[in-house]
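In the form predicted on its own, a lone chain appears below as structure tokens.
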Amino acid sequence: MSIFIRNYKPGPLATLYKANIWRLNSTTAESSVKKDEDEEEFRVLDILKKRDKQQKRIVRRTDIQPDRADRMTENQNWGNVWPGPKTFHPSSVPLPLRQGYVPAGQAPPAKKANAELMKIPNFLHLTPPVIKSQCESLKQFCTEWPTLLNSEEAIEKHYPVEVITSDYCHASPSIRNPLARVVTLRIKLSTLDLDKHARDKFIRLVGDRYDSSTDLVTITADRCPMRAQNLDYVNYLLTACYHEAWNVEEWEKDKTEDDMEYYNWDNNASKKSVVNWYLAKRNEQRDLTEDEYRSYDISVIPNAEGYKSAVSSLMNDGESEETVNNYGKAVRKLLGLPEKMVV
């Protein structure tokens, strides 16, 4: 085509086919440019040569830099190698650790490139020598144990409130356990400054949280998400119940013995009968007021305390073979009769 254009001479024929000739020339030029672009785009990529070079480079580095675990000595300070909690690193642990599920008859995966060892939190920083060195460092901030707290009775006397919490360690993506927020507070009811009315009201407020056999009040809180919040909540419950027990409502002042929830021997006719019997026995008969009957000290009457507890148990706990037998023994002791009646 280029030869035809080079030998071209203008004339009437050229004027007629000029447009077609130049269009053909232009199309040929565009196709040649497009062919050059296609040749540059589809070039062959040689991968094998680069891969061989990369493998040789890796082999050379492995030969030059040995594993750190192989260079670690036996008498080195482990606390400097693993000072705190961190993700498992195989080159820093000179132990042949294995972890992971495999079919029967095969060994678990080693520590190298083991994702199972990196999932869970490890405690490689809490080895016995490291803990011992940390305790030695903390001794300078500690005080000696008080010499007066040398028995359980002394501890209960000076520190009556007992708070119980639990910490958990388990294999999980999170080290938090929902049960760690639970807080339990225990205290003996006898350590609280309560009178007879306040004690009875406090027991009714706490309900089944009071154990009469051990005299312990147990309050447990788990509704808050954090342990500190539950600790504040149990302290609030104990304080609220204590102050509410001392409150005396107006309707409580109008209560009589028939309205009481329990039998109070000091306010009933049974005590009057015992006091009158004792005064008549000593020939000291006199008229006493209601307040004098209630405040009369029955410790001067032999076996009166046993009779009081037997009658109170019979009235409050109900009639049973045990309470009836105890009542019969207490009456015979009070009157000076033998334990078994001889017919």
Partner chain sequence: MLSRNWRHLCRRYSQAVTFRTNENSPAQQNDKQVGLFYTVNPDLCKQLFSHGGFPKSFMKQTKTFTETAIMVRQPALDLINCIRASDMDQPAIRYVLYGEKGTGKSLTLAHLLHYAHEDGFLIVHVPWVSEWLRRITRHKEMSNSQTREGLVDLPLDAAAWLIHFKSQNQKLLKSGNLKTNKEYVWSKREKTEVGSPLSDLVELGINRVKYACDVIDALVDEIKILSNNKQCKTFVAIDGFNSFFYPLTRLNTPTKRKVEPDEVTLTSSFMKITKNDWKNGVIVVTADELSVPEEHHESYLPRYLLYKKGFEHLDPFVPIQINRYSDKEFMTCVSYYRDRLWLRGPTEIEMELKFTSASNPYKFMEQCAPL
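Positions refer to the first chain, counted from 1. Note that the structure is a prediction, hence the values are computed from the model and not measured.
Although it is not shown, the form predicted in complex with the partner chain is what the next lines describe.
> Does the partner chain, in the model of the complex, lie within 4.5 angstroms of each residue among A269, S273 and E319, using heavy atoms as the measure?
Result yes, every residue of the spot touches the partner chain.
> Would W277 count as touching the partner chain in the model of the complex under a 4.5 Å heavy atom rule?
It does: once the partner chain is placed as it appears in the model of the complex, W277 has a heavy atom within 4.5 Å of it.
> In the model of the complex, is there a heavy atom of the partner chain that lies within 4.5 Å of any heavy atom of I298, even though the partner is absent here?
Heavy-atom contact with the partner chain at 4.5 Å: absent for I298.
> Test of understanding: in the model of the complex, would R286 fall inside 4.5 Å of the partner chain by heavy atoms?
No, R286 is distant from the partner.
> Looking in the model of the complex, any heavy atom of A69 within 4.5 Å of the partner chain?
Judged by the heavy-atom cut-off of 4.5 Å, A69 is well away from the partner chain in the model of the complex.
> So which of E250, D208, E74, D258 reaches within 4.5 angstroms of the partner chain in the model of the complex, heavy atom to heavy atom?
Contact check passes for D258.
> Pick out the residues of 318-333 whose heavy atoms come within 4.5 Å of the partner chain in the model of the complex.
Residues within 4.5 Å: E319, S320, E321, V324, N325, Y327, G328, V331, R332.
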